[in-house]
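Below, in structure tokens: the form predicted on its own, a single chain.
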């Protein structure tokens, strides 16, 4: 339970002028507000694509958000090779997972948006196999291994939903490998922008019209295996072909269907069909 909720309950409790029945109503309102907040959180929206969460499961999920922290852009919160690492639930902002090569270059493995876990597998492994960098200032809830395992033990359906989320992330990595190996630069960029749009739409932050996007051309280059100059050229071509425009921190789908056809984008691997578990 977060500090604001506790403070509200404390105020109600210390107000001696209130009758017990009114006090109960006020506390109920506060708890209802808490439940509504977690119901509308990006992580709940995301997991709801797999399972319809009960009030008990939502309460457990809310407790996983109790250690809210802020991190500044550009400063890693997880380092490659780091041990004894907590996981994080990204509540606001964007981050990226990447691996550094001996020559100092890096490959961005994926981008994280609100509702995603950061460093989930690092909780179970002895050492983190990648670094995580906030792209903008972010807010994230720190989740310790004991808290996560305790939540899994109390709510198996929630554990299954988080396993689904991890499996979907793995499916995205597979799709990215296919893109790097088999798609040309135009198709690769189109597929990437469409995938981001679908992910953001799931958590209420995007649509077939487009979405806000803080990524630079250097981020795109490190993720798609292209040079920054090549990224600029590809984006210009897609814009001139009236397919998609990426400008001033916003992606606009000028012709969504044609872009899907170019990328041969099939979102089945994202598994956004609807809850499997009721």
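Numbering follows the first chain given and starts at 1. Treat the numbers as computed from the prediction; the structure is a model and nothing was measured.
Not on display, but discussed next: the form predicted in complex with another copy of the chain.
The partner is absent here, but in the predicted bound form a heavy atom of 108, alone among 141, 108, 190, 135, sits within 4.5 Å of another copy of the chain. Residues of just one listed stretch (193 to 201, 85 to 93, 111 to 119, 124 to 132) have heavy atoms within 4.5 Å of another copy of the chain in the predicted bound form: 124 to 132. Proximity of 52, 146 and 150 to another copy of the chain in the predicted bound form is absent: no residue of the three has a non-hydrogen atom within 4.5 angstroms.
Residue 181 belongs to the set of residues with a heavy atom inside 4.5 Å of another copy of the chain in the predicted bound form.
Contact check for residue 222: a non-hydrogen atom falls within 4.5 Å of another copy of the chain in the predicted bound form. Taking the partner from the other structure, another copy of the chain in the predicted bound form has a heavy atom within 4.5 Å of a heavy atom of residue 99. Mapping the unseen interface onto this chain, residue 168 counts among the residues with a heavy atom inside 4.5 Å of another copy of the chain in the predicted bound form. Using a 4.5 Å cut-off on any heavy atom, the residues of 153 to 178 that reach another copy of the chain in the predicted bound form are, in sequence order, 160, 163, 164, 167, 168, 170, 171, 173, 174, 175, 176, 177, 178.
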